[in-house]
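First, one chain by itself in structure tokens, the form predicted on its own.
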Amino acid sequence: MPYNSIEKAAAAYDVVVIGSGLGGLTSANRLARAGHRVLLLEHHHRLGGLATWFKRQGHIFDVSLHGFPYGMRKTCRKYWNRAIMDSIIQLKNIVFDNPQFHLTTTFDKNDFSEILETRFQVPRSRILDFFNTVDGMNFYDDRSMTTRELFETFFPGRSDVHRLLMEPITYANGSNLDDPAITYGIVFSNFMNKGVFTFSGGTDRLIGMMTEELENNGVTICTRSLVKRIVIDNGKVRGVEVDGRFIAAKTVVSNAGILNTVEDLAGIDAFSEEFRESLKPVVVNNSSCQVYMGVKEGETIEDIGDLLFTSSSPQFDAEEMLDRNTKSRTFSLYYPKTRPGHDRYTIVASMNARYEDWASLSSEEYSREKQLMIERCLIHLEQYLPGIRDKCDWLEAATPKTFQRYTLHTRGTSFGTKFEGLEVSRNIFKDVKGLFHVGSVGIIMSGWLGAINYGVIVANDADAYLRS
């Protein structure tokens, strides 16, 4: 897409948005609609952050288009446009296969309730009490209860039920049983509304439609534009330094990671001692690995489901899921129906991962471990699609180092920070006037729906500041 070079940018804007993840894109769009002059800067040549794609040998691989809640329809209609909303479709065949159970579900409250009652023999009254509890969770609830304690309250000793309820959420946002229960409940209840949805036509089509909307609303978009520094003077934003230029701005919205924003872009000295103390408990969440498999033109594969949560681990174990040799992974299957007009099949295997497990390897070890990861995924997938190895003409792996290189996220995190990051992100503009942060923080804000909704929240804050 022919975006502007930084040389074409004006000398001053009302708002500079750093980074084009879904939160940054949404903030830029909302602020432009509100009448502000907006400059969107992205260091990569492609917009989207982790919501992106790449092409290989006739294949289009989506990096993170694997499913989001029904709430995306309303959110995209309200804050983007109806055409984007109308392209959001349901994934109806979500498959679980592990040593404790095998089942297919539409991943919504009615179907889960039926499965819990008939397959797992949980009393209906207890199921209703559980759903009523998680449906009522919000940001301001007590954070002392963990997800483990929540599960033990309603399903004591039922590791199989815990796995059914927790495993997909761990893949979605990196949470575990010892995180606050509200970080589980809010995300889980969003999915339980009406199931799992995706974007027809893929991420490339979505970002293209969003770009058109941004430009129609007057946003200036510059790619290959790496911001070196947010310029702050006497506790107030003055602008940004990018590729040797200073661009003045009344406000800056950073879609970089919260630690990147504070420590690298703004500089820790720009903040008060109280704010620095609040930053200390913030923990960066884990990252991901992916294996991309492209099926030869003319070949087909059987429809075995849209999302396959599969594991040979005896029980749910968040630590096992992070291991470099994990036995647990998600297969996202892209049939021609997913990309109308593109008659190809692709598969993406996704695994949770630790950055340090990959960053510590030598270049030779790194290459070898990537090949071993590809091989493990193929062996695993051949249990469901015999002969898939011979049908593939493209195999490629991404690790936390890959994500760090392309997104600049601290330690390549796919899910931002743990819960403490949310308060820091929400308070940053109170410490430095005109500086706002939008991004994956607090687990709850991970995922496409959380990113867009948080983009709206931050845009409203920035709009109020500009109008003041």
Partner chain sequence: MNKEEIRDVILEIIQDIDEDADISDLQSDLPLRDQLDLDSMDFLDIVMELRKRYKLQIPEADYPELASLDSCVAYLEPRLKDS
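Residue numbers count along the first chain shown, from 1. Since we're looking at a predicted model, the values are computed, not measured.
What comes next is about the form predicted together with the partner chain, which is not displayed.
Using a 4.5 angstroms threshold between heavy atoms, residue 459 counts as touching the partner chain in the model of the complex. Proximity of residue 44 to the partner chain in the model of the complex: non-hydrogen atoms within 4.5 Å are absent; the residue sits far from the partner. Put simply, residue 8 is far from the partner chain in the model of the complex: not one heavy atom of it is within 4.5 Å. Contact check for residue 401: no non-hydrogen atom falls within 4.5 Å of the partner chain in the model of the complex. Segments offered: 27-35, 414-422, 60-68, 44-52. Contacting the partner chain in the model of the complex at heavy atom distances within 4.5 Å is 27-35. The partner is absent here, but in the model of the complex a heavy atom of 78, alone among 78, 124, 224, 143, sits within 4.5 Å of the partner chain. Annotation for 451-468: interface residues with the partner chain in the model of the complex are 453, 456, 457, 459, 460, 463, 464, 467, 468 [heavy atom within 4.5 Å].
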